[in-house]
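Single chain ahead, written as structure tokens, the form predicted on its own.
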């Protein structure tokens, strides 16, 4: 409460303090994002510039042998590759600050347009895999923690550790062989039937082509959430208030439903949102295995053909995506845990 000098009455100060704390958190987050983007921009440009692959040779391919040195020099001059690295970085950074990420060399479109179109295709894949891995990982983690030491817990823990050590591309190839080649339950590749544009395919057809890539990412992404939730469940089950409730005669199902789920949900949500970066990295491999035309496939093509503007644009976009995922995870953790809301509110 604060004393109003004009009226002599006291006014609540909680709202102004909460608003000020919220403003400070937003300003701090904006500063961290800006510093992250600067670090990613400098690091990415340095790595691309130090690459032994010649961008012109990678872009032209085998036809480079038929071009004269003068023609190759003209291509370098057109792309600005004849300038010193520092000059090229400052010019690129200036364009980025003004909102221009450059033009993709292999797609012939603005980098922002390529990223937006390809991410729209990857978003359904990543969202579906994120949802499945989160729900299954949390549910199985609670089950394993509530049955600690029993057969169910041992099987789930062994399964989680096995999946955690399995490469994404290996899981994708295994699912592709079993369900697409052997059983022929799912298509082998693409985001739509061959000969059909993705925009012309029906929802059922797109889901049919999406199920195997999404299952690949889901299977790989279940392990961290499962193991983390299992440990959180074990800690809650060993707490004093759960022991008191058990002494009062409350059964295991009631303990899990009323006392464990809420306490274990906060860390699981934070971990799930924070795994956006790993999810994008896995989508790069999954999209290559299933020839899925998303942002991961564009990243691979940009790396193989040294499309520097597109590579740098994807690096900046990925940094923002990971930062937003971590911020959302922090907010979800505070929402799920009342103690954190009281501490920061």
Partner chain sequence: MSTVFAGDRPALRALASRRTRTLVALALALLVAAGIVVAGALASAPAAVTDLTERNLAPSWDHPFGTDRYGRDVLLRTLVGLRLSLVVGLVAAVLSGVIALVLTLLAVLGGRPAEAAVRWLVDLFLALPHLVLLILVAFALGGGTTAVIIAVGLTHWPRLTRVLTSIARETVRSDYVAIARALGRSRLEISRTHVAGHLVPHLLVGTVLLFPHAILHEAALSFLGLGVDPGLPAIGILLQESMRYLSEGHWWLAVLPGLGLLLVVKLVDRIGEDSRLLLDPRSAQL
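Positions refer to the first chain, counted from 1. From a predicted model like this one, the values you see are computed outputs, not experimental measurements.
From this point on, the text means the form predicted in complex with the partner chain, which you will not see here.
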| query | finding |
| --- | --- |
| 36, 299 and 303 all contacting the partner chain in the predicted bound form, non-hydrogen atom within 4.5 Å | yes |
| Per-stretch contact check against the partner chain in the predicted bound form, the hit in 204-212, 239-247, 84-92, 165-173 (non-hydrogen atom, 4.5 angstroms) | 165-173 |
| Candidate from 181, 77, 131, 253 lying within 4.5 Å of the partner chain in the predicted bound form - any heavy atom | 181 |
| Residue contact check: residue 280 to the partner chain in the predicted bound form, 4.5 Å heavy atom | yes |
| Contact test in the predicted bound form: residue 47 vs the partner chain, heavy atoms, 4.5 Å | yes |
| Contact of residue 28 with the partner chain in the predicted bound form (heavy atom, 4.5 Å) | no |
| Contact flag, residue 322 vs the partner chain in the predicted bound form, heavy atom cut 4.5 Å | yes |
| Neighbours of the partner chain in the predicted bound form among 281-318 [non-hydrogen atom within 4.5 angstroms] | 281, 284, 285, 288, 289, 299, 300, 303, 304, 306, 308, 311, 315, 318 |
